[in-house]
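Okay, here we've got a single chain as structure tokens, the form predicted alone, with questions on binding and movement later.
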Amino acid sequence: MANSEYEYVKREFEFDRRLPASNWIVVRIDGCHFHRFSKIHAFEKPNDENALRLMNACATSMLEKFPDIVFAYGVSDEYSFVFREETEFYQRRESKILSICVSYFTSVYGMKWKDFFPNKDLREPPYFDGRVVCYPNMKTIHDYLAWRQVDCHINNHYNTCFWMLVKSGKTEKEAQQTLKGTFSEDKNELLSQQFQVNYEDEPAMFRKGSSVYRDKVETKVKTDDYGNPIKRIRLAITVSNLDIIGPEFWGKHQYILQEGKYRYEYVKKFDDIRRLPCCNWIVVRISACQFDKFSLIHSFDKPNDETALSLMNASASLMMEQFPDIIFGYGFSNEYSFVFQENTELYQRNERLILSSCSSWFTSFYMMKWKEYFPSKELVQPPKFEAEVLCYPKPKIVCDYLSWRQAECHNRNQYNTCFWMLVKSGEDENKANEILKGTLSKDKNELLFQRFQMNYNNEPAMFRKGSCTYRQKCKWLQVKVSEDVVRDGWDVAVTHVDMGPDFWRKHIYIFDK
């Protein structure tokens, strides 16, 4: 990357959007198209206890993974995570915080599915979108959580009545008409009179949602000389289904959040939406987090694991099928960049929804395809991906961005090839780094040839050039437009070629509106 003519695409177009200091950060994660997802997987209505417990397990894993999360509240397919006010998690970079949280949550959801649904296969990948909201003081955080719990009560109260009516024989339209304009007391009376149900007897998890936090518990740490247990107060992650609107909970847990008594409706004003500028090509770059550790745990080949790269390519191909507005993808190692067409209106160009949905979908595809590519390897650690969104005003700059990434692919792979050949020949890693320090490309080629009789240019193109993913015409795939018109269809292709001028001249249709 150093002194590359393409480096300006980073310097002039990539910005670190950092969240304001001295603000509490809330990441709210929502299931996308979960009505469809719950129907496909036959979730019970109005509440599926196993599905809710799976969400709680994911939230618990989030608190275990990210110590800066001090409180989480969830209901249905939604979870809110509160980060401590002074957090410096990823230097408060919004795209990093949002994408990693959504990706990790999605990953854990997929890994824990069988724990809660042992007799149900995961028939389609779950995915979540998310948003990051900053609140300036404690009272707004308290009000935010009160707002979400009130919303839980209102929705669950309605849904309980609605599904009782449907199960009693009414159509969904008739049930909606019956409940139209009813108040809380009307719904309580309906449940009592028609179904002999006292709403207050329904499980607290359904009525109040779930709170996840670190609770103070007395734990035995050792035994004294006389065999008596010595106990200490420790913090342990707890899931409870309690009222968090009133003062009782917060009075007992002042170390989490301070008590506040304020209106909660106005918190929505903090939830601003950032839309990406129109007439710009959108690039979403997704990168695996802590991939050195992940690849070590799963014994990936060094310097390149062809199967792991093929899994990334398969996930990218599925991304292009899922998002028709993606016109091109380029990936190498543990990253993939996706170019959206200039006039895309995906999520009305809402940056947060594009960012979180892409990272979540990619994570889900990676998880679901794992067994296909690694049938003999268990996925022992959930992968997680971070993402960022970039905007470029001209196709020329997009092409330069892609050339920059391909130059980075070459530089990294050439270095890693030399490094691992040296290590495998008996040099320790520090010595290998020292040998390669300050070497140029020609020096590395000469080292490979002289010491290992290896011609770098004969290495697989996927390693040296990365992978390009795009649509191309397929003669065998035909689409019937009308009785008289049949057109060639388009298929997703994965190639390993130079993205120079010749490539773009042959594929001019990629940027064609």
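It should be emphasised that the depicted structure is a prediction, and the values quoted were computed from it without experimental measurement. Note that residue numbering begins at 1 and tracks the sequence as displayed.
What comes next is about the form predicted in complex with a small molecule, which is not displayed.
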> At the 4.5 Å heavy atom threshold, is Glu44 in contact with the small molecule in the predicted complex?
Replying inline: yes
> Taking 4.5 angstroms as the cut-off for heavy atoms, does Ser76 touch the small molecule in the predicted complex?
Replying inline: yes
> Does any heavy atom of Ser61 come within 4.5 Å of a heavy atom of the small molecule in the predicted complex?
Replying inline: no
> Quick one: does Asn445 come within 4.5 Å of the small molecule in the predicted complex, counting heavy atoms only?
Replying inline: no
> Out of the stretches listed (224 to 232, 76 to 84, 175 to 183, 188 to 196), which one is close to the small molecule in the predicted complex, meaning heavy atoms within 4.5 Å?
Replying inline: 76 to 84
> Which one, Leu54, Met462, Cys32, Met454, lies within 4.5 Å of the small molecule in the predicted complex by heavy atoms?
Replying inline: Cys32
